[in-house]
Every structure is written in C-alpha cells, then in structure tokens.
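The chain below stands alone and is given as structure tokens, in the form predicted on its own.
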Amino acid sequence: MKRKAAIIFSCLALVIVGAFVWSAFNVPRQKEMRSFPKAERIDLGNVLVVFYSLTGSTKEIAGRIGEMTGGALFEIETEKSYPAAPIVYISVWRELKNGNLPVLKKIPRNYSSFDVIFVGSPVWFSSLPAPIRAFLSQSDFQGKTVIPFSTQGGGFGDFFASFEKEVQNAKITKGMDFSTSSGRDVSALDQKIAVWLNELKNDLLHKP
C-alpha cells in the first residue's frame, strides 16, 4: 500500500515539475481573434484605444472598440515576456506583491489630438496588472477623457478603484468589465460593447 502511494506521489510530482519546466520555456497561448459583423460608427470624436493583453481577450475587445469608434489602437508591450501557466501566476503575483513594474517597450507621449482615450487590461489577482500600473505611472493624459475597461475570468475586484487612484490628469468616465465566460457568444458581446459605447456617447454629449 505504501509502495503504491509512493509511486502515485512520484508520478504527480513529475507531472507538476514537468508543467513548471514547460511553462518556463513557453509564452501564454494567444486566443484566435473572432470575426464580428460590420459595425455602425459610434462617434465619440477622435479616439485612441490603449490596451495590454496577455492572451488576446483584451486585444479582441480593444479591436472591436476601435472598429466601432474609428479609433486608433496602441498595444502596451513589455520588454520581458511572461511565461505560460502555471509559472505566470507566480510571476505576476510577485510583481503585484513587491510593486515591481516591468519595463515597457514604448508608450504614447502626446494625447493632444485625441478627445477620448480608452485603456483596456486584464484583471490579475482582482486588481490592475503590473504592465498597466507601469503605463499609468508614466502617462500624463493632459486632462483628456479616459475610459477604462477590463477582461477577466471572474470578478473585476478593485480594478476600477485602483485605476482611478493611479491615473494622472484625466477625466475618468464610465468603464466596463467583460467576463471571458459571458463573452463566448460573439453577438451578445458585440451588443454589450455597442450599448456601452452609445451610453458613453450620450453622456459625453450632455456633459457640461
């Protein structure tokens, strides 16, 4: 009995070690971008959509916002590559715990030509991921309207509260969270984005 238990334990240990070794030499898998129907333009002025995306979920939402608003896209990229799961969870947890911010390849330096700036990001451990914290720490939005959005597998936690604390020189307006599970239906996801953008349009038109 003890021998059998030892064999099972050894096999589990090998599987766990193998998973960690594999993830150390691989990057997170990117999801395939889905096709959306042709969108009717929702005019929010001159729009910039800034986003960070590790696996592609946030990138998909950002791309759709760009299509619906005619906005330009800017992807935040880190100098280092994050490993695949499960090591990625340890890596990002350490960053958040220790306040270590990754080096970014580049960020926009001038927002003067934009009326509205969307900033999108995944939620890591119920909060802002380190790449977005790094971006916000280096960004002066010059008093522009900034609209956050998040993607996550569970709840958004303190994502939006932390975003408001860390954003600099911006007028924050209604953000939106997108659950990766509820976003499996492309039509429903598309409708959610459209309704949100139209609400923003109405709010911005009536803003004093």
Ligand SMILES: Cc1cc2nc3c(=O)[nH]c(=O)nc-3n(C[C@H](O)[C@H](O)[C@H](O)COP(=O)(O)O)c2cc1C
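Position 1 is the first residue in the sequence shown; the rest follow in order. Keep in mind that what you see is a predicted model, and the values were worked out from it rather than measured.
Separately, the form predicted in complex with the ligand exists; it is not shown, and the next lines address it.
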item	value
Heavy atom within 4.5 Å of the ligand in the predicted bound form - residue from 139, 151, 145, 69	151
Sole residue of 175, 56, 183, 63 within 4.5 Å of the ligand in the predicted bound form, by heavy atom	56
The ligand contact in the predicted bound form: residue 135, any heavy atom under 4.5 Å	no
Proximity of residue 101 to the ligand in the predicted bound form, heavy atoms at 4.5 Å	no
is_contact(residue 81, the ligand) in the predicted bound form, heavy atom dist at most 4.5 Å	no
4.5 Å heavy atom contact, residue 76 and the ligand in the predicted bound form	no
Members of 112-126 lying within 4.5 angstroms of the ligand, judged by heavy atom, in the predicted bound form	122, 123, 124, 125, 126
